[in-house]
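Given next, in structure tokens, is a single chain: the form predicted alone.
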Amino acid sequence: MKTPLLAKVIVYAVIIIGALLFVFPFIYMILTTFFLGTNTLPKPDQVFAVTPNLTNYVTVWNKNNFVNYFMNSVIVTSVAMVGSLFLGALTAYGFARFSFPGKEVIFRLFLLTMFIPGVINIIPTFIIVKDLGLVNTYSGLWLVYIAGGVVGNLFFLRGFFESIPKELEESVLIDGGGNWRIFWNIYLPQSLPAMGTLAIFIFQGTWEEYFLALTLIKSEALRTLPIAILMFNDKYATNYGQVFAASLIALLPVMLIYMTFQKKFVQSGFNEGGVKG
């Protein structure tokens, strides 16, 4: 059945308007970074008349130890992402392939913790980390970030692992391999699309995390990038050009991670054909 021309025009018009609504704030943010010393948000007609320049980007990069905070975030986020993915995959593998008493109860308890807002837990979390002597250390941050990431990864990867045919394990068992080789040689390679998707979400969530990092890290030298961006807000006024420039610089690693892993986004039927019928 052929779609009428008027219906196509209406559909495309709705799509274009929707896209513009989502993209315009981002374009406005980029153009605002070209204003120097502005403490008020420019009007739309002023924004589109501004002359592009990189002055605010250079200023931000060399101000308030921004580079140090940027590198701190790179270290914290990278370790948290790798740790969450690896331990989450191991945990999901255990739940997907092994039977043990109380498995489903424990799994549901894991899921229950996902629905508790992190802000509510911030005081108990701080007390636990303090008792462990990990306040003002990256180890304390990694402990909380990785533990939280494992829960989310478990929920996502368990179902993914259960969809992998068990027949694929037979080749490893015939060669005398054990559970570790099955996990490493079968499940991890087969789950790369899911792992790539999770890597994007974990990196973004950890990179942007603010409240926990502010609570656990007391030393200025160890603080992370979201706190550095806040420091561009002056006591009595906000330099929007510099704040937006700092935010865009902070956005670059997230975009890089997205472009790196976007080809690994979950694809249905990726393991079809892995087992002969």
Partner chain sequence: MQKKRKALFGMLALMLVFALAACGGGNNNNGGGTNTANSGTNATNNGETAEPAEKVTLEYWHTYSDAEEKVLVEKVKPAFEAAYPNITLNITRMPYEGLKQQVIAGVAGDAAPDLMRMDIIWVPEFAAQGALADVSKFEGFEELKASVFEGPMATNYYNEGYYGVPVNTNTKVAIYNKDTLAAAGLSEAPKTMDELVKAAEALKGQGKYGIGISGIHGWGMLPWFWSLGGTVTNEDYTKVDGYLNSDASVKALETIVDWNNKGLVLPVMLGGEPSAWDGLMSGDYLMTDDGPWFYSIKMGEKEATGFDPMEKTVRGLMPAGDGGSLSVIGGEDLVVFAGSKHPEEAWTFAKWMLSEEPQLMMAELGLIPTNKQAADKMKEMDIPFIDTYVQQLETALPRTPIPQWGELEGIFNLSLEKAIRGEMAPKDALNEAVQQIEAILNK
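Source: prediction; values computed, not measured. Numbering follows the first chain given and starts at 1.
Not pictured, yet referred to below: the form predicted in complex with the partner chain.
Only one of 187-195, 126-134, 141-149, 74-82 lies within 4.5 Å of the partner chain in the predicted complex by heavy atoms, and it is 126-134.
Proximity of N64 to the partner chain in the predicted complex falls within the 4.5 Å heavy atom cutoff. At the 4.5 Å threshold, heavy atoms of L87 stay clear of the partner chain in the predicted complex, well away from it. Put simply, I30 is far from the partner chain in the predicted complex: not one heavy atom of it is within 4.5 Å.
Contact check for A237: a non-hydrogen atom falls within 4.5 Å of the partner chain in the predicted complex. Shown without its partner, this chain lists L112, I120, V105, I174 as candidates; in the predicted complex, only I120 has a non-hydrogen atom within 4.5 angstroms of the partner chain. In this stretch, 21-36, the one residue having a heavy atom within 4.5 Å of the partner chain in the predicted complex is L36; the partner itself is omitted from this view.
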